[in-house]
Ligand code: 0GY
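To begin, one chain is listed below as structure tokens, in the form predicted alone.
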Amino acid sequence: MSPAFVKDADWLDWHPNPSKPKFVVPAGAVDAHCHVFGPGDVFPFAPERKYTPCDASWEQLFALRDFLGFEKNVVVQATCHGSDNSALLDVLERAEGKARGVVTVKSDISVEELERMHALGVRGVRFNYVKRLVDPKPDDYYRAIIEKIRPLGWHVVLYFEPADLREKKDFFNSLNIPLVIDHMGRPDVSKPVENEEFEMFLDFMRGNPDIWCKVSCPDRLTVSGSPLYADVIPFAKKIVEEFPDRVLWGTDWPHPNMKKEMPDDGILVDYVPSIATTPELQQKLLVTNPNNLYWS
């Protein structure tokens, strides 16, 4: 840990020795949701952050990518870095075309800076509505950003929980830009899969062919726990089978804000065949869809 920053007392560090997955991912597979933290002495954490993590560098991210058998990464700006995307952009500069980025920006960002980010491999912006992590902005703030990124062909990544979707779904539907939803909108997996909140989420996806979904983070959602994440499977499997051409998957390494236990990334990879149960669905989830969205 860099001396300028002391990680939170309850912070769990990423798994130092993950297991080798038994499931061999198909050639060209993409880890479509991961992060980097700092290192804090090179890329300081934001003053307004709501957590202080351990360091998690590009070298460690790329080593995990290779160990798990993936070819590419989509790196998403971590909230601990606020709107300073320097650490993420540094990853893209080092990735030799094998990474794309999703940034967090302010509404006053210049077109020139967005174009520079695009040249490095940025393809989206993230809007976070999870109030324990950030303080969401007014709708017009996000609309101003969208009008700046629209000419670049970028998409918007949304992180929300069911109550946020209920409040904001009309706004989301009005944006007229591709949307990518983090972690299935965080369903309550202690409920049956046929529940009103999850049906609202499915209807949200059904109503707009430009909505994509990351069926990631069973470790965040589960009550029953690892290694099977059995309570999450029906939700993710439903999404994969109903929307096979609009699903993505990622490790979420280095797993920010996990409070009970740190997941084993090898076990997370071995979870994939339980939600994408055929080679055809696995190919779409891990290869075709992320390459179409981020590299086409």
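From a predicted model like this one, the values you see are computed outputs, not experimental measurements. Residue numbers run from 1 along the displayed sequence.
Although it is not shown, the form predicted together with the named molecule is what the next lines describe.
K.L.:
If contact means a heavy atom within 4.5 Å, which one of 55 to 63, 30 to 38, 235 to 243, 260 to 268 is the stretch that engages the named molecule in the predicted complex?
P.N.:
Looking at the other structure, the answer is 30 to 38.
K.L.:
With the partner left out of view, is T222 within 4.5 angstroms of the named molecule in the predicted complex by any non-hydrogen atom?
P.N.:
T222: no contact with the named molecule in the predicted complex.
K.L.:
At 4.5 Å between heavy atoms, is A144 in contact with the named molecule in the predicted complex?
P.N.:
Heavy-atom contact with the named molecule at 4.5 Å: absent for A144.
K.L.:
In the predicted complex, does R132 come within 4.5 Å of the named molecule, counting heavy atoms only?
P.N.:
Taking the distances in the predicted complex, the answer for R132 is yes, it comes within 4.5 Å of the named molecule.
K.L.:
When the contact criterion is heavy atoms within 4.5 Å, does Q77 count as touching the named molecule in the predicted complex?
P.N.:
Contact with the named molecule, yes.
K.L.:
Please tell me whether the candidate spot formed by P136, R166 and K169 is one where all three residues come within 4.5 Å of the named molecule in the predicted complex (heavy atoms).
P.N.:
Looking in the predicted complex, the three residues P136, R166 and K169 all stay beyond 4.5 Å of the named molecule (heavy atoms).
K.L.:
Please tell me which of K72, R126, K148, R123 lies within 4.5 Å of the named molecule in the predicted complex, judged by heavy atoms.
P.N.:
None of the others qualify; the residue that does is R126.
K.L.:
Check each of W212, W154, F201, Y159 and return the one that places a heavy atom within 4.5 angstroms of the named molecule in the predicted complex.
P.N.:
When the named molecule is considered in the predicted complex, the option within 4.5 Å is Y159.
K.L.:
Any residue of 236 to 263 with a heavy atom within 4.5 Å of the named molecule in the predicted complex counts; write them all down in order.
P.N.:
The stretch 236 to 263, when checked against the named molecule in the predicted complex, contributes D252, P256, N257 at the 4.5 Å heavy-atom cut-off.
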